[in-house]
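Included below are structure tokens for two forms of one protein chain, each presented in isolation as structure 1 and structure 2.
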Structure 1
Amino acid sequence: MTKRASDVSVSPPRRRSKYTLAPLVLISANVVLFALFFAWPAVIGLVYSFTNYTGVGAFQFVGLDNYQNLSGDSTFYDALSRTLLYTVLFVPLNFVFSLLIANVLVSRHAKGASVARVFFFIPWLLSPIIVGVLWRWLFGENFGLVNYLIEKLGGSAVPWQSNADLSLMVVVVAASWAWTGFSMLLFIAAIKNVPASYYEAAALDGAGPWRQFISITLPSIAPTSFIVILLNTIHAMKEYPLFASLNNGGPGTSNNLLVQYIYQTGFKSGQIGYASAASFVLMLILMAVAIIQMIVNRRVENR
């Protein structure tokens, strides 16, 4: 297999590039899709962010006004800071639980792992809308099972929906529950790839299971941890459907996150230009996240 692969790279490229028509036909559909639904929107999005376009009619270029207004827009800041808070809460929670579950699932002492895996995986299949409805059903203030149990145990009903922070917490837990299955799959693959001999050697040196986890498992799966954190961070920064169905960004507008803010300004208030500017701020944040994590990762790997 590898031998063949190297043959391929050695063979002169000139010989193969005589085929022009066939590859052109093969990629044509995707080229059209790329031009229509990626390149064109990306360009006009950038252009619109410098205009006062409302979606219909004429528009004027307003320079950096949109960006300037954003920097003084407290609603935007609230959405941004709420998004960051949500990300900071969700990513570690998801990380810890998916890593814990992956470890238990690959342990050969745990019986019935292949059946149990389905329980962790099904939440990931469900749409964010359904996840939101499901947790709203559990955490209803007047009717939910959780408050019923709390009252049964002698506590008083907790305002899961009308307190902004508690409301955010419920979404964090729901999101972590739903995304465990995905992160867990990545961790399982990584943990299975750690050579068993490492553990045998560590056991001979008298290392306990916890010590082995810290000294062998964690460092060995560092690249996967990086990917999990990166994907989860990017996912959290773009969250909207879960909020839409769980609490509608409420109570009030206190949990309107960035994408919801973009949706509201762009499509409810018709400020396409302004919403485009907000979109590009989101994009810059996402790129910054990716770049920071790449730098961190490189440093970890070079150590």
Structure 2
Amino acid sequence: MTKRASDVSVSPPRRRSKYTLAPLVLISANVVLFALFFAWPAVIGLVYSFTNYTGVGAFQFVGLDNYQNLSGDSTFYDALSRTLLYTVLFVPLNFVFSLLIANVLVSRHAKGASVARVFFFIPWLLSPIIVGVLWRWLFGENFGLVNYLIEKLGGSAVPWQSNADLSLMVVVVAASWAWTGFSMLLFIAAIKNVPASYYEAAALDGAGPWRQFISITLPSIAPTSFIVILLNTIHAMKEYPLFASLNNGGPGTSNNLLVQYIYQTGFKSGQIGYASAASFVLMLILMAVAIIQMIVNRRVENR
């Protein structure tokens, strides 16, 4: 027995939207740019890390020799430890500054909040080179404004650049100043999304501003806090132009960070293969940091 034509349900032909191609074109452009400027250089760098390439001429594959030599390189460990110290100092300082300013600017009692947001956001728009030059004028050991004022008040000039720890602290404060605006905007958006009814109920229960901040604001903006910490950590681990313009990693090489070590090894010493191996170690560290922070954030959200 054969089915009649009327019993067979025939789905109408799917009509292609006239806007279907637009997203594909936009995505294709991004994919091409990603492949050209990230994927392909990453593959080339990975290949170079297993060679003795010097930047010119041919190269030979040396296997894991670059990674083995890196594991015994004291200069590499010095740069890595200084990078971790800089990150540990910069991330909490920037977090506290930006959260404090954001909390003040969203207060009902804040005056001129719009102007203040622009004022705090301007440093983030500046090039790290410009930020370094500005802070060098402030904390230059022989010509800086801060030492000039200290000496005018009868004190002695502070070795802002010849002391390695003070030199690092100046960069930490300068970086926090420059990045506060970006983190502040993220926190302002997060705090504004906290329902006002939470604060009204807490106020009825007698909770003061500090208790409301600890018990309501901080837990409510936890996802944003995670993003701020993650972005600042990755940024700090890759910092280079601010150091180069402010003190060039000095005094000497005491404040050379990992990226500066990679740059000097690859482009000044002509050891592209060795520098590529160091770059991939840095990438693995960043990936490990990101994965750990994502796991911690997920566990906090599931509580």
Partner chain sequence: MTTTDMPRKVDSGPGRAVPKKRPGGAASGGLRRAVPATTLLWVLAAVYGFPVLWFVLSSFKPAGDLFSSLALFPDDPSLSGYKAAWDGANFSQYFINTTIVCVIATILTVGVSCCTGYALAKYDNKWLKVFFICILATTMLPSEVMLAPQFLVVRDLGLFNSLAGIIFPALLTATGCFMFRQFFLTVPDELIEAARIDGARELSIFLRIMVPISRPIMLTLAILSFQWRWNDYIWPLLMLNDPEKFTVQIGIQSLVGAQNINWSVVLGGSVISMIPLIVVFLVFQRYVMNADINAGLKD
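For the two forms, the rigid core is made up of the largest set of C-alpha atoms that agree within 1.5 Å on superposition. If you're wondering where the values come from, they're calculated on a predicted model, not measured in any experiment. Residue indices: 1-based, along structure 1.
Only structure 1 is derived from the form predicted in complex with the partner chain. Annotation for residue 263: C-alpha shift under 2 angstroms between structures 1 and 2, rigid core superposed. The Cα shift for residue 31 between structures 1 and 2, taken after rigid core superposition, is 2 angstroms or larger.
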